[in-house]
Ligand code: PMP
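Heads up, the chain below is alone and in the form predicted on its own; it's given as structure tokens.
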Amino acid sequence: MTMPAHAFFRGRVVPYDEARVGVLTHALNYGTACFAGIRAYWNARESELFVFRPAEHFERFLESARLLDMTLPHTPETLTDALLELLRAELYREDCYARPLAFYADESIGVRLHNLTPEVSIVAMPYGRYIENDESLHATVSSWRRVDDTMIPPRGKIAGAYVNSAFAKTDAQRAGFDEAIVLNQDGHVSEASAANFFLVRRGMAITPPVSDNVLEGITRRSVIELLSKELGVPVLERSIDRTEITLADEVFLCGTGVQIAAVTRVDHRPIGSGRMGPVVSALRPLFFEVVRGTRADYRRWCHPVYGNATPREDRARAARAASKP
């Protein structure tokens, strides 16, 4: 993985090596942090980098912080500006991934959420596929259950909760699978290890409701709209029994990291024909057209990085580019 050259840290863009915390940092010891994952896509024809739905991502990021009793001096707009400044500093001309993080920065011992000081950081790096085999995933239903809303809020991206995902993903991959499908405490399908779940059956796309302990995914929300408005596939949000996976015509995952990934086998049983089906085959190219800003109806979801630069930023960017070998 290519490491970033810069980070947004303590209110400004600094060299990445200056963005450091101590080993006693509360968030490191107790998981008292939340994060976001945001992708930016390079459009070569326009020589522009487009950030996908940053305002919505940062709105959820701030909601996750509220779940941790954090009060942050930011809005979705100020955080978007910080991300744009960071990406301009990095001069990326390729697809990349940004990781905002809000964390309790106090170097102290003691489990709590109160009387602590939150900080915000953002880093960005070039990033391609999260899963290489994203056209034909082989998944397993995990023995680990999804964290419940009465345990750790699953609708927020709480850092400590992702240990749950790590247990499921590691066990799945060590057993030879690409991904894990996790059930909730009621035995209904919740998510993959770090992606929302959809199945297609009898011409309808079905996805678990947010009340079944799923992350309120931005990509999930986008996919629901694209399926119904662009592909004419009705979408139903309801609980999904485990056995419905076996009977599905198609299964796919979606999320900022995984993007759109077809699942063609689950626990050694083929899904439908055992190959990527027609709905996912149509959805994937549509999604990538949308995120690169080439679909006029969805241009509102794509925030340009370089097109909104001020003249001073343009001059600074040109100087940095000229200084590179």
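No experiment lies behind these values; they were computed from the predicted model shown. The first residue of the sequence shown is number 1, and the count goes up from there.
If you look for the form predicted together with the named molecule, you will not find it shown, but the lines that follow are about it.
A.B. asks: Even though the named molecule is not shown here, does it sit in the predicted complex so that A33, M70 and P118 each have a heavy atom within 4.5 Å?
C.D. replies: The answer is no: none of the three residues contacts the partner (heavy atom, 4.5 Å cut-off).
A.B. asks: Which residue, I218, V182, C96, L137, has a heavy atom that falls within 4.5 Å of the named molecule in the predicted complex?
C.D. replies: Exactly one residue meets the criterion: I218.
A.B. asks: Give me the residue from Y162, Y127, W144, F177 that has a heavy atom within 4.5 Å of the named molecule in the predicted complex.
C.D. replies: Selected residue: Y162.
A.B. asks: So in the predicted complex, is the named molecule close enough to R53 to count as touching (4.5 Å, heavy atoms)?
C.D. replies: Taking the distances in the predicted complex, the answer for R53 is no, it never comes within 4.5 Å of the named molecule.
A.B. asks: With heavy atoms only and a cut-off of 4.5 Å, decide whether G255 touches the named molecule in the predicted complex.
C.D. replies: Yes.
A.B. asks: Does any heavy atom of N196 come within 4.5 Å of a heavy atom of the named molecule in the predicted complex?
C.D. replies: So N196 counts as contacting the named molecule.
A.B. asks: With the partner left out of view, is H26 within 4.5 angstroms of the named molecule in the predicted complex by any non-hydrogen atom?
C.D. replies: Because no heavy atom of H26 falls inside 4.5 Å of the named molecule in the predicted complex, the answer is no.
A.B. asks: Tell me which of 185-193, 75-83, 200-208, 243-251 has residues with heavy atoms within 4.5 angstroms of the named molecule in the predicted complex?
C.D. replies: After filtering at 4.5 Å, what remains is 185-193.
A.B. asks: Are there residues in 44-61 with a heavy atom within 4.5 Å of the named molecule in the predicted complex, and which are they, in order?
C.D. replies: Sequence-ordered list: H57, R60.
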